[in-house]
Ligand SMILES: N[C@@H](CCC(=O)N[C@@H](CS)C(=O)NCC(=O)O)C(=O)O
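Before any questions on binding or motion, here is one chain by itself as structure tokens, the form predicted on its own.
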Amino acid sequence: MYKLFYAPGSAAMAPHAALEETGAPHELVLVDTGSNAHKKPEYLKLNPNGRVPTLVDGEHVIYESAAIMMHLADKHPNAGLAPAPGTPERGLYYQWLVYMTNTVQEAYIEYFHADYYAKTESAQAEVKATSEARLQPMFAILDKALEQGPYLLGDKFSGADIFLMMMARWSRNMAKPATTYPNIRRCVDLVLARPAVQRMMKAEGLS
């Protein structure tokens, strides 16, 4: 049985939904980030970065949301989370998943954790505004890619679309959320309609 350490609405959303897609038995372990449980020694033994999610798979521990997604796709090929290895579609799946975690998510870190980059409130506000502006052309790139849609791989759903849904949700309080881009909205709506994703949302108490 898998064990997923998570916090509601965090980067654990995508791996949690992927677990639901696989149908594999799993246990959810809530990490109360509000009380800094992710910084306590017992959790840092699992994930020295002090972040969620963390997946325990038997004797193995894996962290980083995108890495967990790739791991689950490889272990459960029948779940349809990724195209077959060695195909052009698999390369495109890697491209979008890595783009979102390496480029888009990095901008989100600035947005949600401006205090990492600046000390004063005014400087933090500037960092946050800059990161929000940086995200817009990234959303535009994703929206353009989805013109061939409805998914990032065309007519084939993958775990990359789950990751996109998570990225889009994080923008919901911005002046121009990701879902104001029509092709992103179409993809997100399709992902949210999936029973596995609905189970994840319900379990995490999200709307």
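For every residue, the number given is its place in the sequence shown, counted from 1. From a predicted model like this one, the values you see are computed outputs, not experimental measurements.
What follows is about the form predicted in complex with the ligand, which we do not show.
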Here the chain is shown alone; which of 168, 70, 146, 52 has a heavy atom within 4.5 Å of the ligand in the model of the complex? 52
Flag this candidate site as yes only if 22, 79 and 162 all have a heavy atom within 4.5 Å of the ligand in the model of the complex; otherwise mark no. no
Just checking whether residue 26 would be counted as a contact of the ligand in the model of the complex - the rule being heavy atoms within 4.5 angstroms. no
Against the ligand in the model of the complex, would residue 109 count as a contact residue? Criterion: heavy atoms within 4.5 Å. yes
Looking at the partner-bound form in the model of the complex, is residue 11 within 4.5 Å of the ligand by any heavy atom? yes
With a cut-off of 4.5 Å between heavy atoms, is residue 45 one of the residues that contacts the ligand in the model of the complex? no
Just to confirm the contact call: exactly one of 70-78, 84-92, 112-120, 130-138 touches the ligand in the model of the complex at a 4.5 Å heavy atom cutoff, so which is it? 112-120
Out of 58-90, which residues reach within 4.5 Å of the ligand in the model of the complex, heavy atoms considered? 64, 65
